[in-house]
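Next up: a single chain in structure tokens, the form predicted alone.
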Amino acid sequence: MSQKSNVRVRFAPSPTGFLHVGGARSLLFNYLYAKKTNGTLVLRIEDTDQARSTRESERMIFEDIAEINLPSDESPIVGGPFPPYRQSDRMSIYADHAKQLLDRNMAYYCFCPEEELGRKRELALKLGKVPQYDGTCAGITIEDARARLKKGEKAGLRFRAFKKDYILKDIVKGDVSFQENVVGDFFITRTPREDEKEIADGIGMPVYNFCCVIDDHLMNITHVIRGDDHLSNTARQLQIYDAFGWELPTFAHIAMVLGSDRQKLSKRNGDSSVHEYLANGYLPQALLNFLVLLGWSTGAEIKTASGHPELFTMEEMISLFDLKGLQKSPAVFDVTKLQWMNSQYMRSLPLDEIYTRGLRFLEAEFGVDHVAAKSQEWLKRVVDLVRGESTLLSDLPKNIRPYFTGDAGTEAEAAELLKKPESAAVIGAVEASLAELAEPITSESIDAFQKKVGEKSGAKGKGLFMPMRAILTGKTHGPELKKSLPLFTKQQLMAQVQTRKAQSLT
């Protein structure tokens, strides 16, 4: 079997809300690497924090993933060879491994109250020391511990940290050294809270660092591609791998994302959920294209189908992606660039997709019944006409409004042009020729109409086309008249011309 067919990566979100853009980037990198290597992408739900995790949030994450079209090969939904894929359904597995460590005296019960641990932590920080457990309960025998548990005392399980250095060979960070004093004895299961049950006799709820190591090993994960905010967790995770004698996966800790001000992401500079970006009118393709460039680079000039070196199809992203292209330096979330990228996709994606995704924005603006009253052919024509001037899907209603209402208004520049004496002949010719125009208006009849206006007014070139556009559309620039005018009825055009003519005389 080839190495490519063996690659197994995972995305493991905690279900506490919508899918965050940072999480979407991690998912994307894992997805691309799985596709590039003909590997497997595992979606695992990490919901051991019962106070914050909900099935509703899990559903929201699944929906967001479906919207951006990054399906996994194994998950709680599709199943797979290493079930279950939800940590809350794997408690017996964690209990079994915790008991193994207890039996080997590699873990012990800690009865210290949270309040006491908190005070010790605060004191260490004030003294400028790295907070570490002081070993208060490390000498309690298993017999004494079980006797205290029988009396109703609550305890968590601490791992006896190895007193040795570790070096992580990370694809992005290089060799990362963890000295023996980086972590003290750490919890692998926490003391049960009042509303929590023990997962086994005397064993409380397992914690993240314990669960993810067990899951990654049992699910045969070969590569862990995740944000470098997890790098500090790795010091503990390496010790768990060591305790069980398990082979390490390959780690790649990707650089964090900063706002355009190079500070931590905030709502002002890009920190949001995938759901919110899509709800605001961003296209999934543009969002993914933007995210892939946050912390990854092709490293060379390339030719793309778009002709732009940063605009990729999904097929191109898969073909070009390489873990060696992951960057050490923090990436900058530039909302302006994302908007530019979205505008490119607004122009280049098939019309049917822009129409389908844009329909809900039109219905929200104009009402479902009003939109339904228009033919699909007319709606697609008007969407196609204005999408080039729309940065987001949410811009479509504003740009389409004149065609829905039949009133385009009059821009200041157009109003000034129409007041000029030399425009009067064109205005009169437009009004007369419009009265003779047959319905329905077509692009062919508009060509003949323009010629007739020129003959009646004697105007040519810009002297003809600029005032003619101004009197018909209220603008001096815009789409071709033979594309825009057929979207209005003759009655609507005549009413607009008469209104602007009256305004030009005041």
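Each residue number is its position in the shown sequence, starting from 1. Predicted model, so just to flag it, every value in this text is computed and none were measured.
Omitted from view is the form predicted in complex with ligand GLU, to which the following refers.
K.L.:
Answer with one of 98, 212, 414, 110: the residue that has a non-hydrogen atom within 4.5 Å of ligand GLU in the predicted complex.
P.N.:
Answer to the contact question: 212.
K.L.:
Among 86, 230, 190, 381, which has at least one heavy atom within 4.5 Å of ligand GLU in the predicted complex?
P.N.:
The option sitting close enough to the partner is 230.
K.L.:
Taking 4.5 angstroms as the heavy atom distance cut-off, pick the stretch from 171-179, 332-340, 204-212, 285-293 that is near ligand GLU in the predicted complex.
P.N.:
Result of the contact check: 204-212.
K.L.:
May I ask you to state whether residue 14 is within 4.5 Å of ligand GLU in the predicted complex, using heavy atom distances?
P.N.:
The answer is yes: residue 14 has a heavy atom within 4.5 Å of ligand GLU.
K.L.:
Counting only non-hydrogen atoms and a 4.5 angstroms cut-off, does residue 25 reach ligand GLU in the predicted complex?
P.N.:
Looking in the predicted complex, residue contacts with ligand GLU do not include residue 25, since no heavy atom lies within 4.5 Å.
K.L.:
Can you tell me whether residue 387 touches ligand GLU? I mean in the predicted complex, with a 4.5 angstroms heavy atom cut-off.
P.N.:
Output for residue 387 is no: heavy atoms all beyond 4.5 Å of ligand GLU.
K.L.:
Is residue 46 close enough to ligand GLU in the predicted complex to count, meaning some heavy atom within 4.5 Å?
P.N.:
Yes, residue 46 sits close enough to ligand GLU in the predicted complex that at least one of its heavy atoms falls within 4.5 Å.
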